[in-house]
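Quick heads-up: it's one chain on its own, the form predicted alone, in structure tokens.
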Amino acid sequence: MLIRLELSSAAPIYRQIVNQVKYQIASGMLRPGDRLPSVRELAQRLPANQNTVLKAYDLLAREHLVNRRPGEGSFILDGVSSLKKSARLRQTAEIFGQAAAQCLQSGVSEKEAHDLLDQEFQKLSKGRKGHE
């Protein structure tokens, strides 16, 4: 699972984690039964503390996207990857909105942003082909 945080984003870190997990579920990158990194492990990978990651995981569990099993970890629930297209588009629009705001704040042009997005799609496409 790949999570990228934008520390200068207006969105709180826990919300960024939730949004990215939701997107990865909707896109099929995370599938039912997949185990999420432990709270401690993800907090160490990210510039976030364990309470922030725990808050994100708790919210995912309350939204019935993740099953938290004490001592075992957090797992993607069955049936969540079939989110409606409208929900997937709404989640993507929220992520893109945050990215666009960051681009404007950073002086990144629209063309540069499109080029960066294309590069990310290419990286992910190569990564998916390697897992098939």
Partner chain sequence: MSNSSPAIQAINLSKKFGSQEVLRGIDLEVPAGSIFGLLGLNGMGKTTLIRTLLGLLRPDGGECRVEGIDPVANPLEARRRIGYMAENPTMYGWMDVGQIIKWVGSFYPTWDPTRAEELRKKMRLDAKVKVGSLSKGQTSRLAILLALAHRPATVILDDPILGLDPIARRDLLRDVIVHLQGQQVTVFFSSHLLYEIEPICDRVAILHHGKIIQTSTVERMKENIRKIVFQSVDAEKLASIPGLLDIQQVDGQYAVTVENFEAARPRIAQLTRDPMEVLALSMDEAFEAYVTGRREVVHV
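Positions refer to the first chain, counted from 1. This one's a predicted model, so the numbers in the text were calculated from it and none came from an experiment.
Another form, the form predicted together with the partner chain, is not on view; read the next lines as being about it.
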property	result
Contact assignment for the partner chain in the predicted bound form, among Cys103, Leu46, Leu77, Met29, heavy atom within 4.5 Å	Leu46
Contact check for Thr92, Phe96 and His114 against the partner chain in the predicted bound form, heavy atom at 4.5 Å	no
Non-hydrogen atom contact Leu7 with the partner chain in the predicted bound form at 4.5 angstroms	yes
Contact label in the predicted bound form: Arg35 to the partner chain, heavy atom within 4.5 Å	no
Touches the partner chain in the predicted bound form: Lys55 (any heavy atom, 4.5 Å)	yes
Val108: touches the partner chain in the predicted bound form, heavy atom cutoff 4.5 angstroms	no
